[in-house]
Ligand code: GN1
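Read the single chain below, which is given as structure tokens and is the form predicted alone.
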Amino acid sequence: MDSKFPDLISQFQINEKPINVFPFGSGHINDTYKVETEGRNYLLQRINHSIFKDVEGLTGNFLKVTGHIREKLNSSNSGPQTLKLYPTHSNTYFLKDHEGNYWRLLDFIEDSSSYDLVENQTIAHEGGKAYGEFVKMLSDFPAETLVETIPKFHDIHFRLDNFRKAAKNDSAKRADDSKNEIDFIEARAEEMKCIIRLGTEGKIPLRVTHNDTKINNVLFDKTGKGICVIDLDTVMPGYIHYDFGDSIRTFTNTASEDEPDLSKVGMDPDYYAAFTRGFLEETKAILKTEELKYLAFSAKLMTYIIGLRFFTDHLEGDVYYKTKYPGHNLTRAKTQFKLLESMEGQFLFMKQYIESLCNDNPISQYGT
């Protein structure tokens, strides 16, 4: 155990002393450690403040959202859980160490597991229900009271501007070898502005959304039932399409996010159907017709955006995402673009399946 951990942990309001601390999870951004004690276990996280610059605002969002969810869960006596932050002895919910790093301590949810790839339709369906219930429980929470923890996080105009600047500057001298990817991005750029245009025009509402709805941000119990949505740092105002689309991106991919063999990459239609069914079981009653019309499209949008972000980071020299080898971000981007092509090939099915689930609330016209 690193000698810094006992001192860090002692500054939080818990009674137990750590006996073992070790890296935990597979997140790209924060550093997470499991803290084992003779009593209960905890998670210690170093918040990446180069990405989450407003740590106080992020923490405020976390407390507001989990408090609201906890009230809903307590009143319904339902099975799902939500995360809990522990205060320091100074009654703050994060601390800053002498090196300028920010730390927080959370509950460790026992007897739970997460997945980097969907293993069966039950997991896909339960994941859909978990994310759907998360959105539903926050549907009456005032989104405008939350701060943007990462400004313009899913703003397609912002992401395209960054990409084009990176391609023009070519600081890492990688653009010449990536012309196929650049052409792929530009060919779809206008289509991808659809959701943000609808929001700007007031045709779809701003909601409290998770904004990073990967499969590994849902915890499951031993029976495969979803019990908790985690990684709440990106919870902020957004459109429902960001959550649904990013879920389909990760829940339905037949390969890992950085699979170099693109022949293995595609959208599994059975997992798409299972997730979509679970998600709409929880959210159909609260979603507006215009939101439902563009749900299928949002899967293409979010796969495009994440591929765009990986590729932009590749052009800039891998300054945002953690990488394991040279060209890792390019591999990630190519995987996303191959997945997007698979979605494009199955798009009619994707739209029609959502229509079939909404047949008691018909969608008169599908979006792009």
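Residue positions are given as counts along the sequence shown, with the first one as 1. In this text, all values refer to a predicted model and were calculated from it rather than measured experimentally.
One more form of this protein, predicted in complex with the ligand, exists but is not displayed; see below.
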Checklist entry - If we take heavy atoms and a 4.5 Å cut-off, which stretch out of 148 to 156, 117 to 125, 190 to 198, 275 to 283 is in contact with the ligand in the model of the complex? => result 148 to 156
Next on the checklist: Please tell me whether the candidate spot formed by Asp268, Glu341 and Lys351 is one where all three residues come within 4.5 Å of the ligand in the model of the complex (heavy atoms).
Outcome noted: no
Next on the checklist: Is Tyr304 part of the interface with the ligand in the model of the complex - any heavy atom within 4.5 Å?
Outcome noted: no
Next on the checklist: With the partner left out here, check for me: in the model of the complex, does some heavy atom of Thr209 sit within 4.5 Å of the ligand?
Outcome noted: no
Checklist entry - Heavy atom to heavy atom, is Ile29 within 4.5 Å of the ligand in the model of the complex? => result yes
Next on the checklist: When the contact criterion is heavy atoms within 4.5 Å, does Lys214 count as touching the ligand in the model of the complex?
Outcome noted: yes
Checklist entry - Exactly one of Glu181, Glu133, Asp231, Glu291 has a non-hydrogen atom within 4.5 Å of the ligand in the model of the complex; which residue is it? => result Asp231
Checklist entry - Going by the ligand in the model of the complex, which residues of 171 to 210 come within 4.5 Å of it through any heavy atom? => result none
